[in-house]
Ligand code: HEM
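Presented below, as C-alpha cells, is a lone chain in the form predicted on its own.
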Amino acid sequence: MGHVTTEVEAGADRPSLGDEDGWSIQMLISSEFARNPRPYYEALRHGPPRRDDLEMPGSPKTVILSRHQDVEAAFRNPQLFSSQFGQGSGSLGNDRPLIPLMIDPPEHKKYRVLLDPYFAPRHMAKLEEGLTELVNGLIDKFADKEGCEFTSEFAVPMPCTAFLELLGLPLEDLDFFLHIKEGIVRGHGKLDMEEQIQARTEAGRACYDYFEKVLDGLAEERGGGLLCELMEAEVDGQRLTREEIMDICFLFILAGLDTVTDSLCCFFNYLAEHPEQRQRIVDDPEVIPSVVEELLRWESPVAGVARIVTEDTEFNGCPVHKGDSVLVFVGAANTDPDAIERAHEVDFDRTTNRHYAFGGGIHRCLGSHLARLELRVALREWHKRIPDYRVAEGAELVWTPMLRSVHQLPLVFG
C-alpha cells in the first residue's frame, strides 16, 4: 500500500471564489479553510494572481500567489518580494525587523552565516537522545489511559520544552511564553482586527520586556544554552547588539513554540483518520523520514508566508505596486499538479519531495533541521507505544487558519 488518493484529485467540490469583485481574502482565513485548505488551493490555482483588501485600517492591497511557478518566482526574487513586511505597530507586535526573517540582502547573509551553524544537521543530531527521553516522558503520562487530549498533552509541551532547553530558558516560564505566543500569532482569538492588533502589540511588548530582564541577568552571570552563546557571537568582527539578540529571540519564540506544534496536530489528525497509512509507520519505522516530508508537503502547517512588493511591476498579468502585501501560499504550491507528480496522492514512498513547507530561497526556515528531528522522534516513539488511535467520536475540531493547528484533538487509543 503506497499511497492514498484524496478528494480533490479531479477538482471535486472546488469552492467558488467568485470573480475579482466577488470574493474576499476572508475566505482564506476561515476555520473551514484551515480544516481542509486543498479545495481552496485548487480554486485559487485556476485563476490569475488575485488582489484584495484586508479589512484593516490603512492596509495596502494584498496579492495572492498560489501556483507553484509563482511561489517559486517570489522566493527566488527577494529584491522584488521583500521580507520586511511588518514592524513598528507590526503585524507580529514587533518594534523592529525580526532577525533573520525580516532582513533582506545583503545584510541577511551575515546573520545566516552566524546562525546556520547552530541549527546544522550535525548539531541537531546531538539533541536526539534528549528529545527521545522527553517524548517518552510525555507519553508515560497517558499511555495506560484510554486516550489523551493530544494538543495540550503532547503537541504543545513536546517542542516547547525542547526549545526552551535549547535556548537555556527556565521551563517554569513556559506558560508565560505560550500566552504571549498566542497573543502575537493569533491575537488571542480576537475577531475584531483592531483588537487583534492591540493584542499583538501588548504581547510583543511583554516579549521584549522579558528578554530585557533575561539579558540583564546574563550580563552579570552566564549560564548555558543558545542565548548565552549569542551574547558571545560576532558578526563581521563585532558582537551582536542587545537589540539584535532580542530581535533574534523574538523570532525564535514564535517559530520554536508554534510551528512544530501545528505540524504535530496536522500529522496526527491525518494519521488518526487514515489507519492504513498509520500502519505503515508501525510496520516499518524506517519510512518515518519520508512520512515527515510527505505530510509536510500535504498538510503544509504554515499555509502561507508574507512578503511586500518593493517596486511597481506586473506579475503574470496581475499589476502589483510598491507597498502591496503579498500572501505566498506555499500549501497551494505544494499541491500543484502542474509542478508535482501525483500531487493529490499522499505517498509515503515518494522519492523526490521538493516541497516549500519551510519556505524557499534565502529565507528558508532556519530551524528546519530541528523541526524535522522533532517530528521524526515524535512519530517513532509514539507509534512504538501507541500504534492504534482515532479521533474521539463526535469531536468537533476547531482549526486555526494560516498557521494550521487544532485547538483540541481528543484521541482514543485502541
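Bear in mind the structure is a predicted one, so any value in this text is a computation, not a measurement. The first residue of the shown sequence is 1; numbering continues from there.
There is also a form predicted in complex with this ligand; it is not shown, and the following applies to it.
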Can you tell me which of 192-200, 281-289, 233-241, 254-262 lies within 4.5 Å of this ligand in the predicted bound form, counting heavy atoms only? 254-262
Heavy atom within 4.5 Å of this ligand in the predicted bound form, from candidates Leu370, Leu28, Leu65, Ala378, belongs to Leu370
Select from the listed residues Arg222, His188, His108, His321 the one whose heavy atoms reach within 4.5 Å of this ligand in the predicted bound form. His108
Check Arg364 for me: does it contact this ligand in the predicted bound form (non-hydrogen atoms, 4.5 angstroms)? yes
Examine Phe119 and determine whether its closest non-hydrogen atom to this ligand in the predicted bound form is within 4.5 angstroms. yes
Given that the partner is absent here, does His123 sit within 4.5 Å of this ligand in the predicted bound form, heavy atoms only? no
Please tell me whether any heavy atom belonging to Leu101 falls inside 4.5 Å of a heavy atom of this ligand, as the geometry stands in the predicted bound form. yes
Within 134-168, the residues that have a heavy atom no more than 4.5 Å from this ligand in the predicted bound form: Phe163
